[in-house]
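Here we start with a single chain on its own, the form predicted on its own, put down as structure tokens.
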């Protein structure tokens, strides 16, 4: 913990050790991930033994509890969207004698996409596998956009792969709630989805060898080309559903 020139509390990491008790109700099991707003831990309810996820907000990112409140309200609004974790309740935890807001949500089994990719040769997916993953993520984000909300922070460390085969079963570990216009953030969601697709295929090292159909989706990661081709997430979903792979070779 440190303080800036205005004497505001700055916390960059909570460093909660496994076994630590939270609010007299939960036990910390492990760190799941971290981001701009805070950290997410895997925890266990002491009385029931049920595993949950706990997001702890850095105080400098949660002035007046506005960020945590907006985040909880957003998850509640989107509670019927299958790709998102389900929010349960709010707790206040004293860390270094400072009150920290904690949001308790369901815990989802699975691998972070960044770890999941390590199981494959070259740490990359076959184009057909990557396409199915992109489609699953696109359908999930489309549901969020249709409810006039956005995700805003898509990357391989907040996507959980629970099952894959003919279809990918995916969950998003986190959301970002910021001051940016929703149109801009919707575009960011599209760009980040395409980037994830590109990275799961091997990135720049493999791009020249990828099928034309894949390159038509990635557009060389050029922002203007991607947003011109896929003006909305629904356009991306419709494009994926109508792909013709007959001219491609692998």
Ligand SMILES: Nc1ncnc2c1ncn2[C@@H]1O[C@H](COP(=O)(O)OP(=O)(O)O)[C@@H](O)[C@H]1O
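Throughout, rigid core stands for the largest set of C-alpha atoms superposing within 1.5 Å between the two forms. All values reported here derive from a predicted model rather than from experimental measurement. Positions refer to the first chain, counted from 1.
Form predicted in complex with the ligand: not shown, discussed below.
With the partner omitted here, the residue from 108, 93, 78, 136 that has a non-hydrogen atom within 4.5 angstroms of the ligand in the predicted bound form is 108. A heavy atom within 4.5 Å of the ligand in the predicted bound form is found for exactly one of 130, 170, 100, 85: 85. Heavy atoms of residue 117 never reach within 4.5 Å of the ligand in the predicted bound form, leaving it off the interface.
Contact annotation: residue 193 falls outside 4.5 Å of the ligand in the predicted bound form, judged by heavy atom distances. When contacts are judged by a 4.5 Å heavy atom cut-off, residue 32 counts as touching the ligand in the predicted bound form. In the predicted bound form, at least one heavy atom of residue 53 sits within 4.5 Å of a heavy atom of the ligand. Contact with the ligand in the predicted bound form, judged as any non-hydrogen atom within 4.5 angstroms, is confined among 38-46, 215-223, 184-192, 198-206 to 38-46.
With the core held fixed, residue 213 shows a CA shift below 2 Å between the shown form and the other one. After superposition on the rigid core, the Cα atom of residue 187 is displaced by less than 2 Å between the shown form and the other one.
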